[in-house]
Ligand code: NOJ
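This document starts with one chain, in the form predicted on its own, laid out as structure tokens.
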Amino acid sequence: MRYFTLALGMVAISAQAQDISVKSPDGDVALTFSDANELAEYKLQFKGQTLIDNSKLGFTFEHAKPMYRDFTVSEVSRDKHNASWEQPWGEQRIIDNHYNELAVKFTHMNDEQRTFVVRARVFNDGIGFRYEVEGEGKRNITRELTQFNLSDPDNATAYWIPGQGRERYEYLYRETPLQDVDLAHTPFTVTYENGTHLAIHEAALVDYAGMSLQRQEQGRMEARLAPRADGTLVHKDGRFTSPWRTVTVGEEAVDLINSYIALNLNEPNKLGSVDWVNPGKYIGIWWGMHIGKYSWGSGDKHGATTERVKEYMDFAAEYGFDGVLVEGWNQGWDGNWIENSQIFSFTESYPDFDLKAVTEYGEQKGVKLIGHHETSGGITNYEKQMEEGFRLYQEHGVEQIKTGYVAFGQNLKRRDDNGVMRYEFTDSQPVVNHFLKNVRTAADYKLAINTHESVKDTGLRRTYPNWISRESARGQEYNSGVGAPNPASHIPTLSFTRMLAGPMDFTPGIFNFDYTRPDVPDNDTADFVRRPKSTLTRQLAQYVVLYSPIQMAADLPENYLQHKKAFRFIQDVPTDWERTEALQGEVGDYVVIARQAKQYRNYSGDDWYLGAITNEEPRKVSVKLDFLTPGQRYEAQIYEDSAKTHWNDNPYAMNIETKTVTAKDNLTLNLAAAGGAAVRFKALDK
């Protein structure tokens, strides 16, 4: 223990430095707050190992006095919680929420009015803490000083993408020594040589700026909030609460996937009954546009025509899909549509698209039209028309909308209160607020939102269950032949990084890897460097590995008819789950996930599905089937790469077989280079 002395006027006061700790219910995770270094600090231990050493807390403001140095800590309250709650849709229906809570107050030694509270919840698999700051008047945050001083940096590997960059979150993940990280988005995943894994993220990002992590020295990372257009970070008036800063920990990589800390730290559903939010599978003309067969804009190649949409609805009805996504139907796509943010209309269609006709046709077929609003980053233009666009869709029976913000990450356009155009980051406070406004307003019209090019997921789907999915990562479109495709390691990395945040609309299911692009000369594709690094089986496995309550069968309908046996798995697989268990995997190498179907529509809650995906290394995985119901017999419908499968020269080769299994069995699956395996476990009569 150490003592410090401070002077208040003519009186000297000595005080003993304090450590105030709280442990997880099982005692393995310990979080300690301290004022021992005359700073507001915390540290984190896991099974006796220090993962985060003394790390700073606090703020600086544009005009108000800073909050971090010369503070003393005192305990405010403790609490315990052990309950469960039910998701209306999700990767797991029942979520256990078990934690011990501690709230501490940091008080400035010379100014008792300058205080802030840190509220922490410690789970068996990690922690979450947030700031609660009292006060009156306007305060503009210029720096959040939260640090994550990761121990033993020489033996730590980081998996990360650049923060606050031009391409938003659409980067390939980097695998580097921890000390080579620069500015990184979250989720930010770290592995240690002793097997320990941790992931830093945030939960409940509301009326605040998104957090990236800036490496300082050694393993010390500090919060970097996305700036507003005026250079400040967050504007607050009076009392404010920050998002939760989260650290998930585990002894294995799959422990990170099997955690629900972010969801548990969000507020419960605020929308009431959401039986109008319907998970499901859809098709669309989207891939045809990406490979140059159709165009978003009007003309001879226009994709969104009444006739074509009806054809897609016919296919959807015949093969069991719930909806058809239509992009490019509305005025504004002609020319360089990425620059058209100020001229998009969200109610006026092109002459060759009849909204009323296609929705009425879909109603006859039992297929919903999935709406689309592309903003090209024009926040103000969209907000002016948003309710009118929502109203139009509601009138025609549309239930879901895909929204798009295709603009560089520092170039979203917003007019301020004085009419001045401001250019914002995707995760700046004003844009974060816009995304929430969009979702909340959509709920008034009973519309679900699937946001592309959006801010990262922080668990708000619990509070607003109509925020049904989002992109926020480098998805399938990068395999369309415009540039280099995603590497084989991409999905085994996404599983332990981006997917920790929440659902992703990756748009899987490409069945033709030999497409040609009319805009690419033949001699430019001779070496086929643009071919997707995937086998056909890997495409099936994505429907299990990459969770989303809405899944697209992204390819052209005719390509599915060329591989109808493989297509059967896409028809069978559900998108809403009773239970999920990540079974095996290592970051960037491979991943194996099993999910139990939820009882809904024609899906049996007794069935299980499994997906396995590897990087460029072929491998065999032996899977214990002890996740299956004991005593129940299952028909395992197995889709796996054959001994001759290879993504580059033989991607379509696939073995399909069935066998009877129980929970006592093991299953060995062959994964080719850039390959995968998919299994349906169909429950048999006992």
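When you see a residue number, it is the position in the sequence shown, counting from 1. Everything numeric here is computed off the predicted structure, so don't read it as measured data.
Another form, the form predicted in complex with 1-deoxynojirimycin (NOJ), is not on view; read the next lines as being about it.
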- [ ] Please check if Trp329 has a heavy atom lying within 4.5 Å of any heavy atom of 1-deoxynojirimycin (NOJ) in the predicted complex.
- [x] no
TODO: Check whether His372 has any heavy atom within 4.5 Å of a heavy atom of 1-deoxynojirimycin (NOJ) in the predicted complex, and answer yes or no.
DONE: yes
Open item on the list: Please determine whether Val406 contacts 1-deoxynojirimycin (NOJ) in the predicted complex, using a 4.5 Å cut-off between heavy atoms.
Closed with: yes
TODO: Evaluate His201 for contact with 1-deoxynojirimycin (NOJ) in the predicted complex, applying a 4.5 angstroms cut-off between non-hydrogen atoms, and reply yes or no.
DONE: no
Open item on the list: Quick check for you: of 449-457, 75-83, 97-105, 611-619, which stretch puts a non-hydrogen atom within 4.5 Å of 1-deoxynojirimycin (NOJ) in the predicted complex?
Closed with: 449-457
- [ ] Would you confirm whether the three residues Trp577, Asp626 and Arg680 all fall within 4.5 Å of 1-deoxynojirimycin (NOJ) in the predicted complex, going by non-hydrogen atoms?
- [x] no
- [ ] Could you check which residue among Asp555, Glu144, Asp125, Glu471 gets a heavy atom within 4.5 Å of 1-deoxynojirimycin (NOJ) in the predicted complex?
- [x] Glu471
TODO: Would you kindly say which of Trp337, Tyr171, Tyr600, Tyr445 lies with a heavy atom within 4.5 Å of 1-deoxynojirimycin (NOJ) in the predicted complex?
DONE: Trp337
TODO: Select from 268-287 the residues with a non-hydrogen atom within 4.5 Å of 1-deoxynojirimycin (NOJ) in the predicted complex and write them out in sequence order.
DONE: Trp286
